[in-house]
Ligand code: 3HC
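What follows is one chain in structure tokens, specifically the form predicted on its own.
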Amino acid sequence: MTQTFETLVFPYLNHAVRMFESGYATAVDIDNAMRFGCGYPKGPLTVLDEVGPAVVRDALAARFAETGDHLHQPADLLDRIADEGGSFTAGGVGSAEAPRLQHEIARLGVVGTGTMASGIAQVFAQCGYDVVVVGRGEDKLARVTAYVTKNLDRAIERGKSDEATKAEVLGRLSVTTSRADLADVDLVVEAIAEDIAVKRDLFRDLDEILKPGAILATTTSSLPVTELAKATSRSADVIGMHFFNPAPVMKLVEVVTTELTAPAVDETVRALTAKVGKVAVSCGDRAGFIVNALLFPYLNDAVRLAASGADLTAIDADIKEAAGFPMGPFELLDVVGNDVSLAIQEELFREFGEPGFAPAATLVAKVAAGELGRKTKKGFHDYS
């Protein structure tokens, strides 16, 4: 362990304990979310058990005494487990039965033509489902077909597929500019702009078009699923199905239920997620879900650490070496985009009201200066 590891990773572990302690998500789902959503070698509760709950608790307590930051105050459950010599993950997998499809799912719809929508359409088509993709124009729809075709061609080049399979997958995809063509699908996944008003209008429209019993899923990563459910007359059939980008590659899907979601809909979506080769984690409808709620406060802390004069490149290298994360915090911020990161951190601050969640001043300044990361050739690192 290094000082950088303790400074940045221990509060992240503590936050994971609080999430588990609150009953928001299980230990298994929290660990799986960070493993399959971020590519971490181990989940936070597994790491905590390996480092030692007492070690983490004592280090956090000492830091809390210095800073007074509530995020550094050891969670009550961490304190108890440390005193008892217990574990967060012992017997973690459990013996729960695998979810089963409670609704018949044969034909699927995807609304949207961006990278996420295209990837989701590919995932479903590759797993034998007929998929209807709805977009606003023929040119945008052509990009969906081109995206899937390019991915399939790459798989053929790597010897992981063949032309016959490619033809079958593309044969299951149909594209249209008319939402009315979704009338007979069993489940629709919405993957349009992250704008609550635009999504709400879409859900109102889909409510009129879809057959009774069809499931409406949203891929939103930050907006309230409950608001979309209330825009329909079938709130029990609305659920979050947050794929990670790129959908054909990333294994995680956060399945987000509202207080209105029917249990059969939840189970069906989790079963469908497993059928298409993804890992489902269950969580409730609040800002950040599991992954973003744990990831972005850690990234925000890294920005604050850098503001104290620490070397960014050294922090990135230290975290990759000590924690085994695929990217250091500043490399990741630059990939995600500092504007996106700021928006997520602002939403977490609004939702939880934690003073420690207030966006770091340097992150705000980077966005104001237009230094957004790789997409602008400059962020925390220079890519020019």
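We call the rigid core whatever largest set of C-alpha positions still superposes within 1.5 Å between the two forms. Since this is a predicted model, take the numbers as computed values, not measurements. Counting begins at 1, following the sequence as shown.
Keep in mind that the form predicted together with the named molecule is missing from the display, and what follows is about it.
Enquirer: Name the residue from A322, C38, A358, A59 that puts a heavy atom within 4.5 Å of the named molecule in the predicted complex.
Expert: It is C38.
Enquirer: So the named molecule isn't shown here. In the predicted complex, which residue out of V175, V188, A280, L295 has a non-hydrogen atom within 4.5 Å of it?
Expert: Of V175, V188, A280, L295, the residue with a heavy atom within 4.5 Å of the named molecule in the predicted complex is L295.
Enquirer: Might R154 be said to contact the named molecule in the predicted complex, defining contact as any heavy atom within 4.5 Å?
Expert: So R154 counts as contacting the named molecule.
Enquirer: Is there a non-hydrogen atom of P326 within 4.5 angstroms of a non-hydrogen atom of the named molecule in the predicted complex?
Expert: It does: once the named molecule is placed as it appears in the predicted complex, P326 has a heavy atom within 4.5 Å of it.
Enquirer: Report whether the minimum heavy atom distance between A98 and the named molecule in the predicted complex is within 4.5 Å.
Expert: Contact with the named molecule, no.
Enquirer: Wondering, does R158 line up within 4.5 Å of the named molecule in the predicted complex on heavy atoms?
Expert: Judged by the heavy-atom cut-off of 4.5 Å, R158 is in contact with the named molecule in the predicted complex.
Enquirer: Please pick out the stretch from 311-319, 23-31, 61-69, 340-348 that is in contact with the named molecule in the predicted complex, where contact means heavy atoms within 4.5 Å.
Expert: Of the options, only 340-348 has residues within 4.5 Å of the partner.
Enquirer: Can you tell me which bits of 234-249 touch the named molecule in the predicted complex, meaning any heavy atom within 4.5 Å?
Expert: Stretch hits, in order: H242, F244, N245, P246, P248, V249.
Enquirer: After superposing the rigid core, is the C-alpha displacement of K375 2 Å or more between this form and the one not shown?
Expert: After core superposition, the displacement of the K375 C-alpha between this form and the one not shown reaches the 2 Å mark, so yes.
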